[in-house]
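In structure tokens, one chain follows: the form predicted alone.
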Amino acid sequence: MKIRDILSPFTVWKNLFRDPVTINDPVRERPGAPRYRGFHKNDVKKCIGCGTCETICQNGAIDMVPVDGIAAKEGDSGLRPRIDYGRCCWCALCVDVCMTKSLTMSNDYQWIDRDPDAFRFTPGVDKKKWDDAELGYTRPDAHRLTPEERIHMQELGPETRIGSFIEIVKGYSVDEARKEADRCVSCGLCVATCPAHMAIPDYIAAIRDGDYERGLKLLYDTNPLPEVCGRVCTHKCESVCAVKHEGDPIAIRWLKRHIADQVPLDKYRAIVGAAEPATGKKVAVVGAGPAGLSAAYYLARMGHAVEIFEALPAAGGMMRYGIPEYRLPYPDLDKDIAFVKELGVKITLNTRVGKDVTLDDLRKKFDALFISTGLHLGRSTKVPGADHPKVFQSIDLLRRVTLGEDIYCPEQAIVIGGGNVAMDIARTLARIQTKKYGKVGVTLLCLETEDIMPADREEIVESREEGVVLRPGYGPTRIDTDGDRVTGTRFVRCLSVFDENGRFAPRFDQSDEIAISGAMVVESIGQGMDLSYLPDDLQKQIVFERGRPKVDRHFRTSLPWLYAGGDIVQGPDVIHGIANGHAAAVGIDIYLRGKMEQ
């Protein structure tokens, strides 16, 4: 034993003559460290109710609950997290995963209460003394659980794609898709926003697991056109994605396409399943667009015999005759249609209802009808000169291009409109001009400024890359003509498109006028419906609302046997048509089974 070991106990004697230090209240006078993880705070205005905090909590200490005064809306579930401190282990994973950084923790950890239920509360809603505390734990800016940027999608460059109608986007590889799927936090806000309410987090999880059969089954539960929607869906789901608050939203549309691309058509039947036994009931569908094909698919699965009547030479409606092939290749569209036909749906082409067969004939032959004829009529600006033969409607030209017809396309063309269809015809003309003249001469003008143009952002960016000149914020006043020639169009600055009530009421500055030269003008300011196939007596029996057939939640019109959907009721876009068709199929099935029980 060393001498130090003997003397060391006596060193405490040095404290004998020091003044004692007494803490009167050792509990309340011990504040947590500045970044101590104490009781939770939540900025309920920043919170979107995505539920990622609830999902990540391994103790089940968080429940998403409705809150008075906070209503559900697009991008916000209306729910807020309630914490149960009987279960909480203060790990702060909920704070680390919070997409909006609304959830934080104070450094207050001391709280005494006789009521155990008091320790189960909704931060930011149930007021607490630490709500305004400045100290506590907030996720560091550099601390992220998901990558900020989405996985890059390989696509053709503008110098390559402008010379052909080859598809621009190449699609994800398996490895790329899994990396993108890993960014998803499974919040489910996308499901509520999707018109078809697709099980988006579940099919993204199937990609992570490499289970493409499960993924395809989930797609077909609510959407029988996954190849189409995986390419041209308006993907409103991505606009509410919780991950967008930290960076790029999840590439939901591309992941949907990825699943469909991985599974060959000959495996679909085994994966999706066969139809129910035949009911003996027959349904006619007028129009082979997204709504008609969707309704036919689900009706066939329910056991009903379905025949679609299509006026054009091929099925697809506006998907085929309104969307250029560089966005939606025909083989991929045909793959979706082929499986609808495989279920026994008959598609009768080149048959115009109202001309080749009357609606009365269909009424006698079938037990129920679903009309979904789309918006195939263009709308005119009606400015002076708009009736000239060299002034065209975009939808007419796009249809003729699909049919393989040569269209008039001079070196300089003017497109009027700011939506996706306007972009489609502008980019189509640019490709034709490149083939004919080796250069692009398309100018697109629209009332809206670029920040409020209705076209998808990628369409705007890609059109510019391809040489289309965009002049947003101008409205046409006159189309200049010289005999059988168009020489140009005059435009004035648009000051505003809508009035204070949100109604279309454009205002112009007549002193700010420009003239654009061009030998061709294409109007693309909207589309209208053609319901001339409905007999006059039938139209009198159908209730219309704002020019569209009025329908109930099952898309039944005022006539019990007649259902309507797609762009003539809601839209225009593919995913709304698909959702309409599915809902109508459910309604028709209820109607037919009710007749069977009579």
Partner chain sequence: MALYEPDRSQYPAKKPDGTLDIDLTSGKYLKLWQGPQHPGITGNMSLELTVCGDEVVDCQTHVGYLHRGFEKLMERRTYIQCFPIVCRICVPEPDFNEYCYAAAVEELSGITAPRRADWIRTLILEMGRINSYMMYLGGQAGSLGMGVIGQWTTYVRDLMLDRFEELTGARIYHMFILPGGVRDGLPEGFEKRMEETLREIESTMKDVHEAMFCNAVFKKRAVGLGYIDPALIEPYGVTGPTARAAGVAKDVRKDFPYLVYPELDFEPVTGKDSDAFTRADVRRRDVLLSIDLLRQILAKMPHDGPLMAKIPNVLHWKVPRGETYIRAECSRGEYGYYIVADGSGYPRRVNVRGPSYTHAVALLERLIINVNIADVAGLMVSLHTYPPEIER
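Positions refer to the first chain, counted from 1. All figures in this text were calculated on a predicted structure; none of them were measured in a lab. Think of the rigid core as the biggest set of C-alphas that the two forms share within 1.5 Å after superposition.
Below, we refer to the form predicted in complex with its partner chain, which is not included among the displayed structures.
- Proximity to its partner chain in the model of the complex, taken as a non-hydrogen atom within 4.5 angstroms, holds for one residue of Asp456, Asp182, Asp126, Asp480, which is Asp182.
- Mapping the unseen interface onto this chain, Asp96 counts among the residues with a heavy atom inside 4.5 Å of its partner chain in the model of the complex.
- In the model of the complex, its partner chain lies farther than 4.5 Å from every heavy atom of Glu405.
- Looking at Ile542, you'd find every heavy atom of it more than 4.5 angstroms from its partner chain in the model of the complex.
- Among residues of the shown chain, Trp90 is one whose heavy atoms approach its partner chain to within 4.5 Å in the model of the complex.
- Within 4.5 Å of its partner chain in the model of the complex, a heavy atom is found for none of Ala284, Thr351 and Leu534.
- Here the chain stands alone, but in the model of the complex its contact with its partner chain, taken as any heavy atom within 4.5 Å, falls in 141 to 149 among 141 to 149, 467 to 475, 312 to 320, 272 to 280.
- Contacts between 192 to 209 and its partner chain, taken as any heavy atom within 4.5 Å in the model of the complex, involve Arg208, Asp209.
- Superposition of the core reveals a Cα shift of less than 2 Å for Trp561 between this form and the one not shown.
- Core-superposed comparison between this form and the one not shown: CA of Arg35 displaced by 2 Å or more.
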